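Same chain, two versions here, written out as structure tokens and called structure 1 and structure 2.
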Structure 1
Amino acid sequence: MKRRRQAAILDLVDRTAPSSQEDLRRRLTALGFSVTQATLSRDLRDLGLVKASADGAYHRPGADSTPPDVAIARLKHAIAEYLIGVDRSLQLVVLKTGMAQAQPLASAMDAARLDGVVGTIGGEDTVLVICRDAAASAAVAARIDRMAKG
């Protein structure tokens, strides 16, 4: 039973992002899995799920369901926090940060999915942003500059 119930939980989490264990419990009951909140608490732990403070809902870890505007807001925050300088060359943009801060900034860049960005790599104190072409990298660099001000 447990096995199938947990599969159903994953499915529900992916599709409905339940906002509480009670919410989840009701949905499960509707599917014929009737359990108590206590059991769900244990199931969620077993499944390694995560509760996002932003929306109070359960999600799979890593599944980046962050709505674009939130991702952008977070990127602004990361830029304000970590960015020291911006440079670019051809289709590349290079972001300098303090030591050990490149990784979080790179994650924020990734999540924000800026237009024209192909991918991002975080080193120790440098983030390399690969863009589609030189025009895109110019646009991205400009946009980051603006975020650094705003």
Structure 2
Amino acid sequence: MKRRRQAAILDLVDRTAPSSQEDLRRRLTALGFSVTQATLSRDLRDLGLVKASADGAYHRPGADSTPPDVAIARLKHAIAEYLIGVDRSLQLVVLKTGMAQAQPLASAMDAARLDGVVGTIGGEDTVLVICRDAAASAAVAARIDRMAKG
């Protein structure tokens, strides 16, 4: 149970950047984990999570603590600069770029932590965006299209 709970904590921290232990505890409860404040404190210590001064949210040590609005602005810039096309298949979104432009776009996607995105793989001219499911994929593709159109 401890491993599953700690994995859920890491997932929540990566996706939602909770700003307090109470916020994190409520989110864990919604996922079916009943946890006390003392247990949560131990888990945070065991996982080495830190509270960033930039946004006041919990993060993994050494994780980029760029504020969400700044990360979204950087993503919009990267999309305007590098994106050539968007395609989608089930839970995958494929972003086409010019040669050697996929990595900066993938990095911007990762930093923006868009809802529904599990992760990215950046190649030479293609970014593969892996989403949680087909609905998330459709939402992410639509959001990227909107960002591209300004």
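In this text, the rigid core denotes the largest set of C-alpha atoms whose superposition between the two forms falls within 1.5 Å. One-based numbering along structure 1's sequence throughout. Predicted, not measured: the structure shown is a model, and the values here were computed from it.
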| query | finding |
| --- | --- |
| Form predicted alone - structure 1 or 2 | 2 |
| CA of Ala135, rigid core aligned, shift of 2 Å or more between the two structures | no |
| Following rigid core superposition, Cα shift of Leu24 between the two structures in Å | 30.9 |
